[in-house]
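What follows is a pair of forms of the same protein chain, given separately as structure tokens and numbered structure 1 and structure 2.
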Structure 1
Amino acid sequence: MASPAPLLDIRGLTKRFGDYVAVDGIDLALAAGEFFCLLGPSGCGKSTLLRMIAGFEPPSAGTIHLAGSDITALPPHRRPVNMMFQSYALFPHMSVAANIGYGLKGLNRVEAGARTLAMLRLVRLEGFGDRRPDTLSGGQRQRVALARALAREPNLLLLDEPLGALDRGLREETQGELRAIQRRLGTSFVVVTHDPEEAMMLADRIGVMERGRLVQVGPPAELYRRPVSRYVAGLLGDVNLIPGRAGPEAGEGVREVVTAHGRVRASSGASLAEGAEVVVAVRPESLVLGGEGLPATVDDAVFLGDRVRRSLTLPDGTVLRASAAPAGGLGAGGATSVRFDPADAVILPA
């Protein structure tokens, strides 16, 4: 059975500013109803990519198809796409209801009023229609901006750092609301963020950007457990990197790595020549202390309630971090060993 055609299909999309390449030949396909996050640090090209999809930035090369139609050269107002900015861009002199209904000029008054009321209910702001934006909290203003962006019922909603202006507690609460609204509507969302936790909380799939390129795309769990590079591994959370050289294959998708203190086994998705310099990437929660493994010394142990975070050092000076449920012993200065399941570690080029 053939796969359904993607809602958004980007091919070879490139943006140059003089000699500087901001977005470099990106291919990307998004399914209808998908929640997709573009993740990366400032300057990696994620916002430029979003602006090209919205029509605010003309591409230097490549094509953008939406629902089977080529929209590459269409102006923003003719695209079935809406964009929500980090600043929210609400009109301060208008009421909440007027802000939400601003883009509904093609509807008559009754239809526009009904759509506005439906949007107020969707974002749980019934009774706030007559208020001005400056009387609302940051989280409420964010919901007004979201309601306005959704009022025109776009095929695709683009959100550029939509939660960046909120404090941590409110951001976490609003992440859940944003995800719930997207699921209820079934509208495809593309969110730009520099926050890995936010991307993993929200997304069906994440696209990691580095220097204008998409370096890995996949579900959050896949990117976290199977990063393709040190860059992706570090971006998605705390990671230990144990240096060594690629050894022989040790089963399907597994090979040995020869370290300075013994041999370990880890998953290997890349084609690596035997003897090549590599690192074994393993998350702190996947390290197991004690038993047959690499010798290590505990430098520090910090109790954090549901877990103990330990800093360890291998004899060659490699620093590791382990996170585990509280248990007795293994305080600072103690000798131990570290090991891990090969399925919980991945071999990456050094």
Structure 2
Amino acid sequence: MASPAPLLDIRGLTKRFGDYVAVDGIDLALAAGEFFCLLGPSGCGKSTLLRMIAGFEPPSAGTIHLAGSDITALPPHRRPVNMMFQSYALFPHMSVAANIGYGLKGLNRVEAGARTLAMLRLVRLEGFGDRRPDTLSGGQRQRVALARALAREPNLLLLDEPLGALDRGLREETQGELRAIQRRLGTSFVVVTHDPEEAMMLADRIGVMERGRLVQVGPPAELYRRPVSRYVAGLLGDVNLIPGRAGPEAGEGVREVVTAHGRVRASSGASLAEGAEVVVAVRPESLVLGGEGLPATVDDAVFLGDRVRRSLTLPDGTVLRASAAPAGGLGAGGATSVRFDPADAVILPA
């Protein structure tokens, strides 16, 4: 965890709907100025977690502290947290300026007007203040929603699928913009998304949720290179899974795995009993062809410009995908071998 006193400190947060546990004992600490992504499929509890932080769902158990004070029992309108809604939830009967200024009731008219203008400028919508939300494009509405949520200068902003309603091109452009705004303001962002690519693009740290639990929290690179489960490994990108049994330790954090075609070495995070069924997870770009390794056959090679993508089969039928710089051309098909650096491969429970 970054700083000694986190901005947001969640302990044992749980939400039950009847017998269904939507959020299951989550512990999470967020540093000030951090960009955090909650990543997971729909129904994993990430939106419920966000709604509990905002105050829309009372937790069944656990506490939420913001900047040192307990906000668990505060109603939403008393929480110094703001939220950007997935549907944007812009007030259709108010102008863009009135939407942005809605939360500025504590300021006097002049200050509120100045803040509204500053927000319009921040999201590059100067001159749109008098428009009604229904006369704006989707991207413009998204920016109004962002401006409205930021107008009260919260130190924590919650964003529920902020880019979910935008089309692909606009989404990529907006991702960069969102990052830039977050950096400039220094506000902590918690973004809920189901899109792993978006999470990796945006976040300082990602929290992967699965069935109400946070299964792994860490920077994108760590999650990509050191996933703790097959689920996380598959979520963040293409991955090869080679089945085997856990073998003996083979040095600092490295173990042997006995596969159907020989022993390989890979990094082991979790403590696994020797002989336990495991998989070795290797990214396609970490597979090296040739040399001493597992016997394999190249079935297909595709030239993709910046890399060559090969499809391989192990003798037992396991299909692997390898991706490499096209330095040596496509190369010949047929029999070869594959190997990988133990540091680039992780042993995961099967």
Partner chain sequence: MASPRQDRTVARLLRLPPLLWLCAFFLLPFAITLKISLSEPATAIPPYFPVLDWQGGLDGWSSFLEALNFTNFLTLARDDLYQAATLGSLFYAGAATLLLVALGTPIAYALAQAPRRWQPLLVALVVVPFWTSFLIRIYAWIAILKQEGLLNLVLLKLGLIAHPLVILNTDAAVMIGLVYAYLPFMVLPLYAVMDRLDPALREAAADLGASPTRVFWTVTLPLSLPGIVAGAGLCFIPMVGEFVIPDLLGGSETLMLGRVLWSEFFSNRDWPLAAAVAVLLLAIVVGPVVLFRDSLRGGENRP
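Between two forms, the rigid core is the largest collection of C-alphas that superpose within 1.5 Å. Residues are numbered by position in structure 1's sequence, first residue being 1. Note that this is a predicted model, so its numbers are computed, not measured.
Note: the form predicted on its own is the first of the two, structure 1. Once the rigid core is used as the reference frame, the Cα position of residue 213 differs between structures 1 and 2 by less than 2 Å. Relative to the superposed core, residue 254 undergoes a Cα shift smaller than 2 Å between structures 1 and 2.
In the rigid-core superposition between structures 1 and 2, residue position residue 93 carries a C-alpha shift of 3.9 Å.
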